[in-house]
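First, one chain by itself: the form predicted alone, in structure tokens.
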């Protein structure tokens, strides 16, 4: 037995107007300082106030939010008496908002207590609306919360189905202001999600379709959005691609590229989407040695050449690498500006963190410790995987 769950998704032009129809009295907007500085918070506050809400703002979410940040935000939600949490921003504010939704009602819990195994026992006294301003994380559509434990230098994959958003508002106008580098970082993250969802061991009929469509949309529209941020058709299609992949994040799992990226991010903190993008071709090369079939399915869907599954899978890897170049993405870990001596000094920690990551175990090929270390090393040097 398995479950498929998704929030109500309000999408397309003028989707933000849906905020004025929410039923409640007090809304806490959980976001970052940049959203407040750019005036995006005001665009959210106004329809909420038009709908009769009193509104407060927590704009202290940092990249890779840590356990202390989400605990402070939850305390503010409780003190304010919020009955809606409004997550606004990229993956970090949205993940923080999901955690706040749980902790606001359960002050007895720590962030580390929030897990998918133990029911949180929420009463729906506090509801959650997610509003992405980037097109990549898919965090608006799922329940996972990536929270950083800075003391341990680890990204924790936390969350609970009780943290599921009630409503996701996907308005492409909010992503129109992204610069090209952020468009590429987040768009490639959506591609990594969709490929890992479709090829992972937890794939299922309910996520296969959204994952394939997400992959096609990224290949078709990311270059356009990267070249011209005012191309609203491309912006809308990329916003949809991210959310479609988000359905898979909630109802299947991602894989090896994310395990490595979470581990590296917990120590060196490069941009998440850029990091998953760097690792993707290497982890695909590793996985197709045992299981090329699902990668070949994607290649067929995209119309890529090849006579055998192995040839089609290789064509997909080459298409990903070509897209990386087209949207200015780095192709090795060295290009993330991580000094080689520091990288090697942290190798034992990187391997241990990757192996402990919840996304490792749904990879179609699971590496042992020595292979994890070699994957990190090959990706750093830019060497094709030959093991």
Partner chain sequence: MSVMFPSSEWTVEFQKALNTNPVYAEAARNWEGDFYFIVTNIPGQPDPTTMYADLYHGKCRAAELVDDDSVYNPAFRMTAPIGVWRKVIEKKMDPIQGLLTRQLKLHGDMVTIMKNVKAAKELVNSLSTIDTQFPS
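Since the model is a prediction, treat every value here as computed from it, not as a measurement. Positions refer to the first chain, counted from 1.
What comes next is about the form predicted in complex with the partner chain, which does not appear here.
Engineer: Do residue 361 and the partner chain share at least one heavy atom pair within 4.5 Å in the predicted bound form?
Structural biologist: Yes, contact at 4.5 Å.
Engineer: I'd like to know if residue 102 sits close to the partner chain in the predicted bound form, meaning any non-hydrogen atom pair within 4.5 angstroms.
Structural biologist: It does not: once the partner chain is placed as it appears in the predicted bound form, residue 102 has no heavy atom within 4.5 Å of it.
Engineer: Considering only heavy atoms, tell me if residue 164 and the partner chain come within 4.5 Å of each other in the predicted bound form.
Structural biologist: No, no contact at 4.5 Å.
Engineer: Does residue 206 reach the partner chain in the predicted bound form if we count a contact as any heavy atom within 4.5 Å?
Structural biologist: Judged by the heavy-atom cut-off of 4.5 Å, residue 206 is well away from the partner chain in the predicted bound form.
Engineer: Among 153-161, 297-305, 227-235, 122-130, which stretch has residues with heavy atoms no more than 4.5 Å from the partner chain in the predicted bound form?
Structural biologist: Careful reading of the contacts points to 153-161.
Engineer: Which listed residue (268, 219, 202, 80) meets the criterion of a heavy atom within 4.5 Å of the partner chain in the predicted bound form?
Structural biologist: When the partner chain is considered in the predicted bound form, the option within 4.5 Å is 202.
Engineer: Going by the partner chain in the predicted bound form, which residues of 1-25 come within 4.5 Å of it through any heavy atom?
Structural biologist: Sequence-ordered list: 1, 2, 3.
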